[in-house]
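Quick heads-up: it's one chain on its own, the form predicted alone, in structure tokens.
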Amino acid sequence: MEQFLEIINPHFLLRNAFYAGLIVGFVCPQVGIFFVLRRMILLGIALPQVSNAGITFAFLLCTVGWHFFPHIESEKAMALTGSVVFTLIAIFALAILERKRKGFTENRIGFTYALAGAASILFVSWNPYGQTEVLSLLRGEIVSIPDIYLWSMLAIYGTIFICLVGFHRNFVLVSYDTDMAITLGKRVNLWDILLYLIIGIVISFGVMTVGPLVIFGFLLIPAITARMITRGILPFCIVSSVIGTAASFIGFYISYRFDLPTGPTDIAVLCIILALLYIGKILVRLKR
């Protein structure tokens, strides 16, 4: 109880990490539902890895004194730029190939994941000075988040959440039934582009702030869990965010209480929630 009161104290030393986790746990599942609706779960695994490759590439460029833009001096800004560029290129390339029906979707996503993973390792190997920070990202150690990153995350994720709520019906329609959307006169390509931009921004900034492991987990596991126990889009969306937020809170408490890395603890909590609800669903069916 003492640790719990310390965590919710406004002057708590790790409050930024705590709040950032709650923001990720609340917003990321709202993006993840579209991976589930589009049956593109593997894409939610590959894109955080692509974003991480962009970050490691940016760190590599920093070591040789090269910058994307003359006025960008900060390594963090470079890394965020690399993350956004890599992620958007990957998601739009995969979307174009999907539209043209070129090969199998799983093959393309698997290739993208393998390539991004190999590139990340190679970029880190060529850049020993950035190895510590990159490995910290990979492990999901959400401990030292500056105030500017927290406020930036709140502004960006808050804007994205408003967009998702405001355009929810259109996003769901083009994701769930493209043919019906076309019949109703919806501009499917436009809504797809907007959704892909939102996904790219969420993943890019999230990976830069809390790491690919955490983003991957909160994108997919709450949405998969909620889909399993709900009926209807609205309950699906609400329960996804409830699960994500609860897991973030519980995971942070456990990691702080037992001195564990926060990211992996959050993911473990999400998996336990998924397993318990799945077992509960089976027991309910057996009773019936």
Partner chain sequence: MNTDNCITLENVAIGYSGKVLVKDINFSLKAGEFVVLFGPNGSGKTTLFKTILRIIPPIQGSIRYGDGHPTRFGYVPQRQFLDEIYPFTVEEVVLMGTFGQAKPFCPTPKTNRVWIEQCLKDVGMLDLRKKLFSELSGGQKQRILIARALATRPNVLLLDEPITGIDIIAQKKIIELITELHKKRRLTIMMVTHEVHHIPSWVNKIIHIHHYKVVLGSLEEIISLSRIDEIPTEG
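In this text, all values refer to a predicted model and were calculated from it rather than measured experimentally. Residue numbers count along the first chain shown, from 1.
Just so it is clear, the following notes concern the form predicted together with the partner chain, a form of the same protein that is not shown.
K.L.:
Counting only non-hydrogen atoms, choose the one of 234 to 242, 49 to 57, 250 to 258, 24 to 32 that falls within 4.5 Å of the partner chain in the predicted bound form.
P.N.:
Correct option: 234 to 242.
K.L.:
Under a 4.5 Å heavy atom criterion, is Ser175 part of the interface with the partner chain in the predicted bound form?
P.N.:
Answer yes; at least one heavy atom of Ser175 falls within 4.5 Å of the partner chain in the predicted bound form.
K.L.:
Look up in the predicted bound form whether Ser125 has a non-hydrogen atom within 4.5 angstroms of the partner chain, and give yes or no.
P.N.:
Ser125 lies outside the contact set for the partner chain.
K.L.:
State yes or no: in the predicted bound form, is some non-hydrogen atom of Phe167 no more than 4.5 angstroms from a non-hydrogen atom of the partner chain?
P.N.:
Looking in the predicted bound form, residue contacts with the partner chain include Phe167, since a heavy atom lies within 4.5 Å.
K.L.:
Closest heavy atom of Asp179 to the partner chain in the predicted bound form, within 4.5 Å or not?
P.N.:
Judged by the heavy-atom cut-off of 4.5 Å, Asp179 is in contact with the partner chain in the predicted bound form.
K.L.:
Sort through Ile162, Ile148, Ala114, Leu190 and report the residue having a heavy atom within 4.5 Å of the partner chain in the predicted bound form.
P.N.:
The residue from Ile162, Ile148, Ala114, Leu190 that makes the contact is Ile162.
K.L.:
Would you confirm whether the three residues Asn107, Arg108 and Ile221 all fall within 4.5 Å of the partner chain in the predicted bound form, going by non-hydrogen atoms?
P.N.:
Checking in the predicted bound form: none of Asn107, Arg108 and Ile221 is within 4.5 Å of the partner chain.
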